[in-house]
Structures are given as structure tokens and as C-alpha cells.
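Here we start with a single chain on its own, the form predicted on its own, put down as C-alpha cells.
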Amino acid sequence: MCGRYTSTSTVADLASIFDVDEVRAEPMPARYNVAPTDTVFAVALRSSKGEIADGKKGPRRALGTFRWGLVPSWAKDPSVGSRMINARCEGISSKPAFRAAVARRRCIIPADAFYEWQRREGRDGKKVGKLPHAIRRRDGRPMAFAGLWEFWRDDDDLEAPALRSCAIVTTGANELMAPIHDRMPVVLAADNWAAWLDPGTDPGAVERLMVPAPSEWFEAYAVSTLVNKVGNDGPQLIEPLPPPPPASGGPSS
């Protein structure tokens, strides 16, 4: 799964990297502990009719903001979104919460790193807690998480603006991630961004994109348990833990 990540790239950088046609997001400060229900950046196609001033026709790639935690259009209230931060790729097209979004409303959620917790065991084999790890691209570029998004409207307040929410698609772990956790976000290669965003992409082709990214793209390292608390933030959360002291060489002579 993916329950926390960092968002430190600027709006201008994201607009350039993801080649967006339109920015519909206000700048946000760098965040090192993005958590469920937070407002997050995402790239999606925005329908457009006729000729645009820049000569481009059809859907435009837009950078906007969404609430993390997908709220299906049929939900009674938005609280359900806190339980739908991730969408497992296995059987996703048949799941009521995600099948409409995976067919027509796919997005890219930029992240500069994500956190995952590794279970630890003592010498007796008993669990002794979890150690957080940060995972990021080796080349320093933002990751493109495969995402889904939805509209939700309050039937009791039809004049209220629609809520736009999103979820991160997850898949099985690659070789780098497997010792840490058995799941990871789907991270899309740049060559696949257009196909993922396009609702006209063949469903079979969409399914083939929901696979683990190559291990060589990433680096992973242990970080402080400061990240465990949602209220903590700052660059210290992403700093590597110092290496453990060397094992004792035995009694001195």
C-alpha cells in the first residue's frame, strides 16, 4: 500500500515535467508527510470543446488539486474516502468503488518519495515494531503514481461545489521493495503517461500498465520514526538514519 508520501516539487516544476496545458492549482508549501484526506496535486485530462487559443483541440492535460481518498459518486458522505486511499490493481475493473474511475477517470499523482514500514523481528522471532523507509527515484525526478479520480456531490446541498478526490493504484512489490513491504504504488514510465490518462485507451492496455516499476529506478533507506506522526513535517523526515554501529569483535585480550 501507500499511506504517506512527500510532495516537494513546485507547481511550475510539475507543470513542466508533466507537460500540462493548464494549471488549475495554487502553490502549496513543500510537504514531507502527505497523509490521507490531505489536498494533493494530480494531473488529469480536462475536456475542452472546440478550438483553444493556443490552437490545441480536444482534452487538455491539467494540473489540479484533489483530496486524497477516493469518494465514489454514489457514496452517502465523503467520509468513506479515508478508507479508499489505495486501489489494488488486482480485479480493479470489477470493484464498485473503482470500476467507473479506472474506465474513464485516470490521473497521475506526482510524488517525490513515499514511505513504507518494514516489520522487524527480534532474535526470538517475535515482532518488535516497524521501521519506516523512504523510497525515491535515483535520478531525483518526481514519481508518476498511477491514480484514479472521482466527482462527488452532496445531494442535500446541490449548490455546493463538487468534491474531487483520488486514490493511488497499487501493485505487487518489485525486488527492491519486497523485503520492506509486499505492495507498492504503480509508478508510470513517461512513455506511458498519455495512454494512462486517455479514457480511450484499450482496457487491456490499461491493465498492462499496472505492474511494478523496475527496481533500478529506485533507492530505499531507513528513516526516523518521526514520520509515524501525521503532525510531523519537514526535511528531517526524509533524512537517512545513520548506519548502525559495527558489531562487537568479541572480548578484548
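We number the residues from 1 along the sequence you see. Just so it is clear, the model here is predicted, and its values are computed rather than measured.
FYI, the form predicted in complex with the DNA isn't displayed, but the following is about it.
Enquirer: Is there a heavy atom of Asn86 no more than 4.5 Å from a heavy atom of the DNA in the model of the complex?
Expert: Yes - in the model of the complex, heavy atoms of Asn86 and the DNA come within 4.5 Å of each other.
Enquirer: In the model of the complex, does Pro179 have a heavy atom within 4.5 Å of the DNA?
Expert: Taking the distances in the model of the complex, the answer for Pro179 is no, it never comes within 4.5 Å of the DNA.
Enquirer: Just checking whether Leu209 would be counted as a contact of the DNA in the model of the complex - the rule being heavy atoms within 4.5 angstroms.
Expert: Heavy-atom contact with the DNA at 4.5 Å: absent for Leu209.
Enquirer: At the 4.5 Å heavy atom threshold, is Phe98 in contact with the DNA in the model of the complex?
Expert: Output for Phe98 is yes: heavy atoms within 4.5 Å of the DNA.
Enquirer: Heavy atom within 4.5 Å of the DNA in the model of the complex: which of Thr37, Ser224, Ser215, Asn192?
Expert: By the 4.5 Å criterion, the partner-contacting residue is Thr37.
Enquirer: Which is the contacting stretch out of 72-80, 105-113, 136-144, 156-164, given heavy atoms within 4.5 Å of the DNA in the model of the complex?
Expert: Looking at the partner contacts, the answer comes out as 72-80.
Enquirer: Select from 215-233 the residues with a non-hydrogen atom within 4.5 Å of the DNA in the model of the complex and write them out in sequence order.
Expert: Residues within 4.5 Å: Asn228, Lys229, Val230.
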